[in-house]
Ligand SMILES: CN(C)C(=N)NCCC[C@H](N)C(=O)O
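What follows is a single chain, given as structure tokens, in the form predicted alone.
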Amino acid sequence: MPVEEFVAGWISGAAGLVLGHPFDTVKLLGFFKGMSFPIASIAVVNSVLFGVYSNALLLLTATSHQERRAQPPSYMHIFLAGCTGGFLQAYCLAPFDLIKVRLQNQTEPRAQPGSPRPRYKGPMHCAASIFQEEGPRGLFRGAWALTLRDTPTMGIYFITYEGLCHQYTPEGQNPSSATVLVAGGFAGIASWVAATPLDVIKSRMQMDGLRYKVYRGMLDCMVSSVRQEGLGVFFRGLTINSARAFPVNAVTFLSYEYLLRWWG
């Protein structure tokens, strides 16, 4: 099993996060809040996504990353490989994402005389507190919504990227840097258009139980959210997600492609 894709995914994920974390956090509070933990975790998660995707595509098509430019895989194979990567990524991501969301949603003032202390002192304290108060399953709160979000959207993600690269690259050649940037950016936007409804539900499920339990499950969360806020609730954050997605995924794919070419 080639390991270059895992390493390239690791590095490119970290590069994309450095660029995109302020956009991600502005949905909640301040720039770069809780950034050190996501940098470490997203590198692992991105490594799983790109490594599993590339190796799944290798099993389906028997062609390496370098050979796929001359022998493009079918869109069905790309979609299936992307879904496989998204499914496994979701389970690796679930505890990390929960901790990130909890830390970013901390609204208690910091280091002000007389102000209450933040609920969580940091990532490790947050994980330990969730484990103690909510049990082992608490660390996977919102995991089903995350899995339903990432499995199909990662298929869409890679289809968009590979399709645009194929369309704007001469046959048998590697895509130019500009093509990779544009294809990666639009792949990110396409995936977030599909993912945002379940991302809203995921975030609400992850915050549920912080002080008291509101929802009986994911379906109850969806129904309650629609009743209280209408269907528009499922597209909350789409603008900032799209603004974040283009530069982050453009940089991610550019880093990934260059690393594989350098090692290849």
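All of these numbers come straight from a predicted model, not from anything done at the bench. Start at 1 and count along the sequence shown; that's the residue number.
What comes next is about the form predicted in complex with this ligand, which is not displayed.
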Can you check 215-223, 192-200, 66-74, 231-239 and let me know which stretch has heavy atoms within 4.5 Å of this ligand in the model of the complex?
192-200
Which residue, Ile78, Ala183, Met154, Leu98, is the contact with this ligand in the model of the complex, using a 4.5 Å heavy atom cutoff?
Met154
Please run the contact check for Asn46 against this ligand in the model of the complex: heavy atoms, 4.5 angstroms, yes or no?
yes
For Arg149, is any heavy atom within 4.5 Å of this ligand in the model of the complex, or not?
yes
Test of understanding: in the model of the complex, would Val251 fall inside 4.5 Å of this ligand by heavy atoms?
no
